[in-house]
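This document starts with one chain, in the form predicted alone, laid out as structure tokens.
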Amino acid sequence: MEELDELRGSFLLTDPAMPGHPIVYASRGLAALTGYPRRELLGRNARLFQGAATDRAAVSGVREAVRAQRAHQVAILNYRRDGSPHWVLLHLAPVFHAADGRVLHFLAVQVPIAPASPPRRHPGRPAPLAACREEARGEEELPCASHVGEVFVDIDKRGLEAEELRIASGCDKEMALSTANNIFSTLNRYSKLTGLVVCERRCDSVGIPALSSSLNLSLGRIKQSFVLTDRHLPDMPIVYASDAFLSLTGKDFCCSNHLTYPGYSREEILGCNCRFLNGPGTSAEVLEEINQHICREEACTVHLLNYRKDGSTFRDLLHVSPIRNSSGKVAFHVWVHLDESAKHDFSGLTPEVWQLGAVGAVRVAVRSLSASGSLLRPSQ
């Protein structure tokens, strides 16, 4: 794709549906970083970057991420075409079909990791030989019904220890995420011309009821950041997300590079459970508190650490409330999010009252339209 050729960065795309899970696209940056001409990379498995000192545990983590079809970041020792080793931060991400959730490709971004200090020599420890690398590259024909697990397979079973372990910096990680986000944006600009919309997160919207145009219009007038979920459907999926919520999941700048990180698209969010915002620092106790209030059909307000699309955190003042239809039964739950560190104009109101204003507006829209049976599209 010519659009991808214009992007900066070192990255590749693979096709898990093809035998051997081959590379189907390689960027100019990847060719410059590895020394491989792009024509030599196409059709080959990404294991060709591995060598004698590539850490077996790191490779195993990547392999498991591929099998689980989830994103993954790891610092790993790779090898250039001339046999010289170099450390990179590998950012792996599945590329999903937005409509049916199928994995179309895997995206692998490589960001070079600079040494923290001048390299040190260990007396008596020989450097890995190029011949060992060729041995480690040897292909193994494994009978397998699926080709997904073939990417980044650890061919060298000895797990030799790599010299001078390098740790990726925060800016390295954010650079990898920025590159990945730019690639997904470019893929979507191209795919929308062909009708094949892709996304970074599987959110299968098949079976999710489509809200009526009247309800969408009423909800669209509400300025706060919120989503609606349906507890009557499996895994309580999101069925509506406001524009302000989409903006909340991105941010404007990073480090000194002034990088822009767009938030999630609506296609990526619809059909997901609200836990897609959670991460390692999210309190399990607070999540359990929310679940208990949902089961009791009660409202609650909590403080929670959540995560944006780029992996950065924000302090979330979250209000969750049941929304009843005209007959008094719970139709949805509204989740009103507020970034406590951002500047807001509440027009003289407290943050809590500002959030309750959104709840009231959603309640009025749902009750009025449910009385006329206009919550869902007629085809539903």
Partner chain sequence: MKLTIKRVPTVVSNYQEDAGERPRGGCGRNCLGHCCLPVSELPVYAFKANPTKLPLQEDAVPTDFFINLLLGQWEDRMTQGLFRYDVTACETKVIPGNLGFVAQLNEGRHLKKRPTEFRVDRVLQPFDSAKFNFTKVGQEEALFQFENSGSDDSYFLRSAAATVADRAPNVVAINVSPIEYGHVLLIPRVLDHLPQRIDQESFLLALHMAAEAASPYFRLGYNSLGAFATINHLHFQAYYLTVPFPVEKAATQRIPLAEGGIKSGVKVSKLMNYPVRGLVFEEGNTLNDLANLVSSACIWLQDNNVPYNVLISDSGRKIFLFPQCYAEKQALGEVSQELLDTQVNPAVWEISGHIVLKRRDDYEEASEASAWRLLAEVSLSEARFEEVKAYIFDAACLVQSQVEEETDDAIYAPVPVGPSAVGEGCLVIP
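Numbering follows the first chain given and starts at 1. If you're wondering where the values come from, they're calculated on a predicted model, not measured in any experiment.
As for the form predicted together with its partner chain, it is not shown, yet the points below apply to it.
Of the heavy atoms in Leu349, some are within 4.5 Å of its partner chain in the predicted complex. Contact between Arg81 and its partner chain in the predicted complex is not found at the 4.5 Å heavy atom cutoff. Of the heavy atoms in Ser327, some are within 4.5 Å of its partner chain in the predicted complex.
Taking the partner from elsewhere, Ala342 is found to have every heavy atom lying beyond 4.5 Å of its partner chain in the predicted complex.
With the partner omitted from this view, the residue of Ser321, Gln50, Ser27, Thr34 that lies near its partner chain in the predicted complex is Ser321 [heavy atom within 4.5 Å]. Out of the listed residues Gln110, Thr229, Gln224, Ser178, Gln224 is the one that sits within 4.5 Å of its partner chain in the predicted complex by at least one heavy atom.
Partner contacts here mean any heavy atom within 4.5 Å of its partner chain in the predicted complex, and among 307-315, 51-59, 34-42, 349-357 they occur only in 349-357.
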